[in-house]
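Take a look at this one chain, the form predicted alone, written out in structure tokens.
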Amino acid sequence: MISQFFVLSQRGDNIVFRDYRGEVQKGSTETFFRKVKFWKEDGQEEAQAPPVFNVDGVNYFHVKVAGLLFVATTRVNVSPSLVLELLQRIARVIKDYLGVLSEDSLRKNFVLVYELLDEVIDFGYVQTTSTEVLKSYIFNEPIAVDAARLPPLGPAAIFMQGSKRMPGTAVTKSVIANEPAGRKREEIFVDIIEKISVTFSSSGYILTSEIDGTIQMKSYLSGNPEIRVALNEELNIGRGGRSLYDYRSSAGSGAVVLDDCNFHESVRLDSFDMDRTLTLVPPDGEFPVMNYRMTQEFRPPFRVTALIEEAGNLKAEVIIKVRAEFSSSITANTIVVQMPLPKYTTRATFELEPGAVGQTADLREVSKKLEWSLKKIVGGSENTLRAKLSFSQESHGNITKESGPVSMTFTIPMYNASGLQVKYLQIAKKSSNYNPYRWVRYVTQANSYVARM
């Protein structure tokens, strides 16, 4: 049961606010933002607020989507995972109807957004989060926002890279708005998005590895035709006694072993056991066709090594190397490497490789973290950062234990670590000349990518 729902910008501006039950004080938006902005934990000067917390008897739930804070409040004891999932679904529904999820699009379409919220939640109780069902109750037309002027905040921008570029408005259309002059572009998007978690030992061996993946679909096909999605023929669910290393082939495809998976309610699995084909009639909007998890060892996209050693009185030197283990035809972008340094670090000077373009390095004074940002990394290349540190006191312990671990975030378009592939995407033909656009895209992102010192 939800008392309030609101959306805030990163500056704390209240963009959308709906009070469903009148049980929470009116200043809840200000209370929430101050708590999140100045969140502190024991022994830390700065920390990130958890997704759920309580202030004066009010439970606050929040998720961050496209740079916006989606927040729900309640005074009753409800399932946190349920409310957080609801917030994610509300953000997805709003994006389906507006085409672009941003502060500008919310302000321009506030009438449509409030209409959606009143249908999704009634007196605090959830009614539906289905984009398809809501189309029967929504009558306002969206006001288009120029997506070209927006910063690249999500996967939509990620997929604009590579040899086959997406149309400029392909991923920023509303489910209820047509192209200019009333035309409707027939197309369907299937995205294989994987978030990987890897922990390396200090000697470079893999300690833990896991992939959380999803096959997302977004359909702009009129008449909702039946679709068949064929996956790897040698796809196994559960290890089934196979060797830990049997699932991988040198080509990156072929046999794939998933620990478990689940499917959207619209998916029919009649022939899945025989030929690994999914059959479905896609609902409107974006939805997950299949979620899966893999814990078998896989080849990590990056090898990270870090070394810190004393270099005289009150000084030390850090060397961090990042090697891309994927093909040279693939380019990773938005890479950030972080490394906590001893608390008594006062100064750091950085040395980048000659000819390094699009790289910056800095010392975060408050958190005492070294931060190395790289605009892009081409497969097969190696990048090195050297840093000279100055301390305010002599180290009386092991300087290596007081530093690290090294963490890394990145995005790699048109690459996936599991080897799961969409072999073909078949659409039921309505006529002999019906040939809609099909886009199958891959992206890998870091969930928790850590190298111990």
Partner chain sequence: MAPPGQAQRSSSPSQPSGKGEVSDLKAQLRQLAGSRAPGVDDSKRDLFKKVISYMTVGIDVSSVFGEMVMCSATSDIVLKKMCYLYVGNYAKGNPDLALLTINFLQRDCKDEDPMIRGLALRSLCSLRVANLVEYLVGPLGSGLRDSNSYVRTVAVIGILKLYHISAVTCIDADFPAMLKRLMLNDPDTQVIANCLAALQEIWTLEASNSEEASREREALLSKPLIYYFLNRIKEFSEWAQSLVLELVAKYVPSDNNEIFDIMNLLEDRLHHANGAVVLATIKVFLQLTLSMNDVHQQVYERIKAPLLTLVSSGSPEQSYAVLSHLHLLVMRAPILFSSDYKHFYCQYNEPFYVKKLKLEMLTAVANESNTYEIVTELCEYAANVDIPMARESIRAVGKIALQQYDVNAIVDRLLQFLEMEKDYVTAETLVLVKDLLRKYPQWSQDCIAVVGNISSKNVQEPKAKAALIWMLGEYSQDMHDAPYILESLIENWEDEHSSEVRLHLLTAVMKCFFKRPPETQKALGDALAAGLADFHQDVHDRALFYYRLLQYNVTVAERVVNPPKQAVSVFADTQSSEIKDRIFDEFNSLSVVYQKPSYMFTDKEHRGPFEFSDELGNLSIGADAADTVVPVHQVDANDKDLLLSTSETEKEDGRALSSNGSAYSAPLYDAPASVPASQIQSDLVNLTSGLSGHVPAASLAIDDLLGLGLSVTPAPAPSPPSLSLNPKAVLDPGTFQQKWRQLPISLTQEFSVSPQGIAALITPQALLRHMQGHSIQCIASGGQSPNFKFFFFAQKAEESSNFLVECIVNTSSAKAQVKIKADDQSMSQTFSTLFQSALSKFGVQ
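Residue numbers count along the first chain shown, from 1. These figures come from a predicted structure and were not determined experimentally. The term rigid core refers to the most C-alpha atoms you can superpose between the two forms while keeping them within 1.5 Å.
Omitted here: the form predicted together with its partner chain. The next part is about that form.
Not one of Asn236, Asp270 and Gln421 is positioned with any heavy atom within 4.5 Å of its partner chain in the predicted complex. The contact residue chosen from Ser222, Ser203, Asn262, Ser328 relative to its partner chain in the predicted complex is Asn262, the criterion being a non-hydrogen atom within 4.5 angstroms.
For Lys26, a non-hydrogen atom is located within 4.5 Å of its partner chain in the predicted complex, even though that partner is not displayed. By the criterion of a heavy atom within 4.5 Å, Asn416 is excluded from the residues contacting its partner chain in the predicted complex. Proximity of Asp122 to its partner chain in the predicted complex falls within the 4.5 Å heavy atom cutoff. Contact between Thr129 and its partner chain in the predicted complex is found at the 4.5 Å heavy atom cutoff. From the list 227-235, 74-82, 312-320, 376-384, the contact stretch for its partner chain in the predicted complex under a 4.5 Å heavy atom rule is 74-82.
Although its partner chain is not shown here, in the predicted complex the stretch 82-119 places heavy atoms of Leu82, Leu84, Glu85, Leu86, Gln88, Arg89, Arg107, Phe110, Val111, Tyr114, Glu115, Asp118, Glu119 within 4.5 Å of it, in sequence order. Residue displacement note: Tyr20 has its CA displaced by at least 2 Å between the shown form and the other one (rigid core superposed). When two forms of a protein are overlaid on their rigid core, residues whose CA moves 2 Å or more are considered shifted, and Pro340 is not one of them between the shown form and the other one. After superposing the rigid core, the Cα of Leu307 is displaced by less than 2 Å between the shown form and the other one.
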